[in-house]
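Next up: a single chain in structure tokens, the form predicted on its own.
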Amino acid sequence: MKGFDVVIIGGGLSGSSTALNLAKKGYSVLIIEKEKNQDFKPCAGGMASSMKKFLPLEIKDAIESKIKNVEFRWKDSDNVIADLTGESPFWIIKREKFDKLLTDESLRNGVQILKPVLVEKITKKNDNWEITCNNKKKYISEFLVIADGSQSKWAGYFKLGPRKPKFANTISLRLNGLGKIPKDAVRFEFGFIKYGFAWAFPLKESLNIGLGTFINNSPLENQTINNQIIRSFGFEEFPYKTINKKLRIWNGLHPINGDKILAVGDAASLCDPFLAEGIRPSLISSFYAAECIDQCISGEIDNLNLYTKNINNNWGRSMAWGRRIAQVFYRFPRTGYQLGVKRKTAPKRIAQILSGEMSYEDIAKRVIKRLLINS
């Protein structure tokens, strides 16, 4: 059996970021990843540039587009355009490049990576974790990080996050060319998808397209509507392969740590329940996970409870309002579009959420204040 300071279950964005953050602090880290390398990562790739402070490396080689405008449409009409303020506040990254940068930098910093290897059993022995894998080997660590994504087996097993996770149904695809989407704009398309929306995010020479439903587990199996959406983005002939995924979204303030164990990213149910943003909470949780583990090992704190507190304060409070907004908006989307998106200040506010300048909580407080003034 080989021992490490930290073993991380899952080598995606949140797992690799946590590993690199810890390795740079001098700790021995093992990542156990069940999948081989993916040729296509089903991710829109949108990321606020303000997340630079949470990044453990330079990612300029993974940035494909710098966004200046956010476009909103209702069934390919009724356009609303919001300008993003500041210099390149929102980036589109190519996840394949980003993940490779993280993997390469992690290896350079001493992180060990096993893949494809499946974790079969995890037990606690003598205050350490013992991880048994299908390669017939066992690994020992003092701390354990659960980062196995939206389909996490281990988050529920260790009671990390909501007891009953909520999921968004999503379809992702990538088409060559940009269609009718400007290279410096992202588009959100409402009205076609029941209980959700579609999005188009431009890379250098291709377009990441996604469709998602966020309440009632509504299916996305209507191919006629799906093709109509793709045509609205400017594609007529489009042989494509779709990737269907259930995305674990934020569903309440819950503990996401236990005794020498914590969950990060999608496994912790941190994905934005309104706009499906997953990169930002992955980076934030990875940063605070490494910070708290470091503080525990160095004796500054006695347990990992500060991790849950930090994530709830820095992300969860905003997501609580995001979930409320989603539950109302997606049940009454036409009214929400007219009174929300088309309201004079709304596009700017949504753009500020995407760029990290504002939270859903900030918007909710403004609405409440406005209602009190007008009552």
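Numbering starts at 1 and follows the sequence shown. What you see is a predicted model; the values in this text were computed from it and never measured.
Although not depicted, the form predicted together with a small molecule is the subject of the following passage.
Asker: For the small molecule, considered in the predicted complex: do all three of G11, P42 and R95 come within 4.5 Å of it, counting heavy atoms only?
Answerer: Every residue of the candidate spot has a heavy atom within 4.5 Å of the small molecule in the predicted complex.
Asker: Which listed residue (K245, R73, K166, H254) meets the criterion of a heavy atom within 4.5 Å of the small molecule in the predicted complex?
Answerer: Checking each option against the small molecule in the predicted complex, the one that comes within 4.5 Å is K245.
Asker: Quick one: from D294, E277, E189, E142, grab the residue that has a heavy atom within 4.5 Å of the small molecule in the predicted complex.
Answerer: Contact with the small molecule in the predicted complex is made by E277 alone.
Asker: Considering non-hydrogen atoms and a 4.5 Å limit, does the small molecule approach F235 in the predicted complex?
Answerer: Although the small molecule is absent here, F235 would stay clear of it in the predicted complex, with no heavy atoms inside 4.5 Å.
Asker: W199: heavy atom within 4.5 Å of the small molecule in the predicted complex?
Answerer: Taking the distances in the predicted complex, the answer for W199 is yes, it comes within 4.5 Å of the small molecule.
Asker: Does the small molecule get within 4.5 angstroms of any non-hydrogen atom of D61 in the predicted complex?
Answerer: It does not: once the small molecule is placed as it appears in the predicted complex, D61 has no heavy atom within 4.5 Å of it.
Asker: Within a 4.5 Å heavy atom cut-off, is L262 in contact with the small molecule in the predicted complex?
Answerer: L262 lies outside the contact set for the small molecule.
Asker: With the partner removed from view, which of 145-153, 75-83, 225-233, 174-182 is the stretch that lies within 4.5 Å of the small molecule in the predicted complex, judged by heavy atom distances?
Answerer: Single hit among the candidates: 145-153.
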